[in-house]
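As structure tokens, one chain now follows by itself in the form predicted on its own.
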Amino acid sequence: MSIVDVFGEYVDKLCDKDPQKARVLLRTGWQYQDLKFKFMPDRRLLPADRYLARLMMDTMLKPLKAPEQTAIVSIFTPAELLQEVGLSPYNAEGFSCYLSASKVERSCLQQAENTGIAETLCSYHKTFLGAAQRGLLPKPRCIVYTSLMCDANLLTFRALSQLYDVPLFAIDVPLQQNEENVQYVAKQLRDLAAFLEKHTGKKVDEDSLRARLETSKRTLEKFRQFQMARADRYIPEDLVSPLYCGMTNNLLLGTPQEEKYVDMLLHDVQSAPAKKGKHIYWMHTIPFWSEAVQKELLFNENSQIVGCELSQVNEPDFDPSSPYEALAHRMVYHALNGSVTRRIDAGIRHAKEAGADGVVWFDHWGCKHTMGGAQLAKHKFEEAGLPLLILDGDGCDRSHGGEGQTSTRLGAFLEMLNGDKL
């Protein structure tokens, strides 16, 4: 049994007796991991990704240290407005990833299912909801979420609002891309600013918000430059850095810390060696815990992930001079909003920019949007000259892993790519 297994078991047992003490133990373990990232980083990673590991760990620790200064959010909630009133993101999907990495997700999933939550609900949402029900997660200041992509949002955040008895704000994003819908969402975002001001006692300064959006635009532009620059380079990758990037390029967009990260990426890529092996672009979340995926893609010179869809859902085509319209444009024209064809087209474009030789479309258990578009994605990616593997599994719940099938299918796909066969 590993240290992580023992840690998860202790958190689980303590949570049944005293959730407050279990929360302290969870925070202590994560703080230890943060110190490890600082003093004993993984030297196989480039400096930018070592910095990213600490940045993400700090983001996860804030809700455990000062929950009253956080807002529970869905991953695509516009971060800049929260930053303006001093609230840190307390993200359901990200937190569930860390609970899974700490080996405490199974009991949280079971807790949620015991209260009537369907087994088919997204495991990220179910883990977070179960952990909250068990008392492991502290009460936030408020909750803000959007209707973007995930229908689990509609259940999870309302249930959490009732559980914690905190105010809730939902942003409805229409599926069609047009100016009328941009204005519709912009009005909601102005209402969100008033909501945040009411519940924090702080003001949203429009000039400051404009400056944050200028930072966001620069960050997204530079990240795209990095993705294009890495096309003919070898950058060693683990399985969590692409996920961290997917989280921070949403949750921390507009912060100097996230811009510093992409600046470091641009610096690192300049001295990276020439491309080795095959480049794999990953659509949707990554089962970082899977031994089968680790075997094929963890620091592997023959095959490495060169991008995760979740880090490239926003395009830098908005105008920061009108901040609410800019945020609304970003949400209405979000790569995952509307028809699955828009998502596929964005994935093809980004995969080609990163020099991908093949693509994995990960059918995360419970994600209807992803599973429903899989066959169309395979047709369109391969029509564009990019071989695509549809891989079934779960990014958070190990019981839905299917390791044998993952090993066989992913291994065969990579062998096919390395044999230069279509």
Partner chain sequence: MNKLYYVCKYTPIELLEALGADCANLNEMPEGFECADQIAHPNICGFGKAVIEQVMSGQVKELVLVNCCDTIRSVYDILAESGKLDFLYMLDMLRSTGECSRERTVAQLHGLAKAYSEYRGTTFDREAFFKAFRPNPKCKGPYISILGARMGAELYDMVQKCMPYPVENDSCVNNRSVGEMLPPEDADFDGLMEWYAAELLRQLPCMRMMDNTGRRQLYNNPNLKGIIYHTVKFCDFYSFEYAQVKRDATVPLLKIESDYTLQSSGQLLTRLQAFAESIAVDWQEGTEKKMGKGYFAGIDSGSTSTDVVILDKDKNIVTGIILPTGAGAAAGAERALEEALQDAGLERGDIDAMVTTGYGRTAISEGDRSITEITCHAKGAHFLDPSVRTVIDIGGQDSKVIRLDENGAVVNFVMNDKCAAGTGRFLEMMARTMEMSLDEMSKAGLKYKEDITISSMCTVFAESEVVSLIAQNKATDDIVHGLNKAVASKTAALAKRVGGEERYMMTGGVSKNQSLVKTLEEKLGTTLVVNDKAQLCGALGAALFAMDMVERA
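Numbering follows the first chain given and starts at 1. Owing to the predicted nature of the structure, the values given are computational and were not obtained by experimental measurement.
Only in words, not in the display: the form predicted in complex with the partner chain, which the text now covers.
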property	result
All of P47, S74 and C142 within 4.5 Å of the partner chain in the predicted bound form, heavy atom check	no
Answer range among 87 to 95, 223 to 231, 117 to 125, 209 to 217 for contact with the partner chain, defined in the predicted bound form as heavy atoms within 4.5 Å	117 to 125
Answer option from K187, K295, K198, H267, heavy atom within 4.5 Å of the partner chain in the predicted bound form	K187
Among the candidates A159, L239, V166, A272, the residue which, in the predicted bound form, approaches the partner chain to within 4.5 Å (heavy atoms)	A159
In the predicted bound form, T28 touching the partner chain (heavy atom, 4.5 Å)	no
4.5 angstroms heavy atom contact with the partner chain in the predicted bound form for A194	no
Partner proximity in the predicted bound form: N181 to the partner chain, non-hydrogen atom cutoff 4.5 Å	yes
Non-hydrogen atom contact K62 with the partner chain in the predicted bound form at 4.5 angstroms	no
Any residue of 146 to 163 that, in the predicted bound form, places a heavy atom within 4.5 Å of the partner chain	S147, M149, C150, D151, L154, L155, T156, R158, A159
